[in-house]
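Have a look below at one chain only, the form predicted on its own, in structure tokens format.
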């Protein structure tokens, strides 16, 4: 059975257009959230400036930005950076593109004056546009399973490589902030008017953010490759928008992922800064005996990037392992869960070999992946 390794990666976000820019910004404690107004309502959210996005898109691609949506431009820039730093053949039948998103080009439903055909609101159409731009031969795969979409796409890529169906897979996770998504989360009373504080006692909810993140996953082991040791997904079957109160689904994922392995060196949690999510994760980690492992969340820097989160945060896991750094869980001051967790309160240099990444989402979905430095 073939192994799977993560190699080149890219992040497009309000904090930068390369992985290095993003990682350096977060290490310096910078956050992406600011106040932005949508239809007269102000939200604390993380958004890429349109003018900057178009300027970089024109510079990097020489294409007309009006022919692509914001999401498509973000994805094309992200994938282009990964391909520029690799030697894979996108036209090969042994190469696949997996697109992870929750809402895709949802803004097309809000912009009646858009020149972009409305059919591109369908997720498969968006994936086809992106794949066609690069000349992928194989039909792209779309993974859309709430907020575990990005991490689940990586798990699926590992399984496809293990079954020897492909040699190389590009996984891209992307979502944008829109009136639709903001209104939905706001109707649940889940949004915070200030930068979110995962696992902190004074947390008041989540922020939404937007990003595109891409990784090359290959069956070829290289010097800087990080192995995807194991991955699992499970469902709570609890509630459409509320996680299991016992952390059952995530606990099952942890059991499967860690069955043949010792505890990881650190954990990058989902950590949305909502009461139910943070509490559920603390219970699941405790049940798995991981409550003393150093834990962080990146939501305090980027907000919740939905379908991009699992990929973006996995890129940070990779860079953390490569650079021997554990990022602080910004916003955390005082324990805010019934079970005390070992939250990273400062960014520090620490040699690590393994990292556990978790994700959870609406509908009771959960996922976990164990990464290991070669």
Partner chain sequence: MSNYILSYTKIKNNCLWHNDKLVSKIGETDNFLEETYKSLDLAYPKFFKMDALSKLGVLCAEQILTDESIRLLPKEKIAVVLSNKNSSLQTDVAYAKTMRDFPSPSLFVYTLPNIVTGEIAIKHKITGENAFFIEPTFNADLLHNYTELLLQESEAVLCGWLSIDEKTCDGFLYFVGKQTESNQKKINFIKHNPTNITQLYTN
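Residue numbers count along the first chain shown, from 1. Just so you know, these numbers come straight off a predicted model, no measurement behind them.
The form predicted together with its partner chain is left out here; the points below concern that form.
With the partner removed from view, the residue among 179, 95, 286, 219 that has a non-hydrogen atom within 4.5 Å of its partner chain in the predicted complex turns out to be 179.
Shown without its partner, this chain lists 121, 83, 116, 293 as candidates; in the predicted complex, only 121 has a non-hydrogen atom within 4.5 angstroms of its partner chain. Under a 4.5 angstroms non-hydrogen atom cutoff, its partner chain in the predicted complex lacks residue 89 among its neighbouring residues.
Although the partner is absent here, residue 195 is not a contact residue: none of its heavy atoms lies within 4.5 angstroms of its partner chain in the predicted complex. Proximity of residue 142 to its partner chain in the predicted complex falls within the 4.5 Å heavy atom cutoff. In the predicted complex, its partner chain stays beyond 4.5 Å of every heavy atom belonging to residue 133. Heavy atoms of no residue among 3, 259 and 263 are located within 4.5 Å of its partner chain in the predicted complex. Residues placing heavy atoms within 4.5 Å of its partner chain in the predicted complex fall in a single listed stretch, namely 360 to 368, out of 19 to 27, 360 to 368, 6 to 14, 346 to 354. Although its partner chain is not shown here, in the predicted complex the stretch 179 to 195 places heavy atoms of 179, 180, 181, 183, 184, 185, 187, 188 within 4.5 Å of it, in sequence order.
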